[in-house]
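Presented as structure tokens, the chain that follows is alone, the form predicted alone.
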Amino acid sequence: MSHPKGDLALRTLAMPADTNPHGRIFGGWLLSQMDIAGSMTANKAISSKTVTVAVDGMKFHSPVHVGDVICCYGEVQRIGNTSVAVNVEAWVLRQFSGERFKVTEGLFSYVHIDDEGRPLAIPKS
């Protein structure tokens, strides 16, 4: 069995209001949860605020069902001059069966910004 890469950044429950017309969890909702997790991972890594600039290589492996517990894990891949790249994996814990598996993954990029929203160099530690 494989294991999540990175640290747990977000955990939430998939609810009926999050479904698409086919009764599965809407991919856009899952993407937003992953973006939140990636942002928290990036902000923690540089101890400052960031904004999303890109999402690359999204892969949806399995559908998410109502009642699934969504766990998003973030792992910093690179810290550049003004940006942070974070790999985010979404795993589910299927209620009542105890199954746990990866449903989605993607690479999210965030830019460090100043109070006016302009890119700002990341201080080197």
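Given the structure is predicted, the values throughout are model-derived calculations rather than measurements. Just count from 1 along the sequence shown to find any residue number.
Quick note: we don't show the form predicted together with a small molecule, though the next part is all about it.
Remark: M15 does not count among the residues lining the small molecule in the predicted bound form, judged by a heavy atom distance of 4.5 Å or less. Under a 4.5 angstroms non-hydrogen atom cutoff, the small molecule in the predicted bound form lacks G27 among its neighbouring residues. In the predicted bound form, the small molecule lies within 4.5 Å of some heavy atom of R78. Using a 4.5 Å cutoff between non-hydrogen atoms, G23 does not count as a contact of the small molecule in the predicted bound form. Partner contacts here mean any heavy atom within 4.5 Å of the small molecule in the predicted bound form, and among 69-77, 52-60, 96-104, 39-47 they occur only in 52-60.
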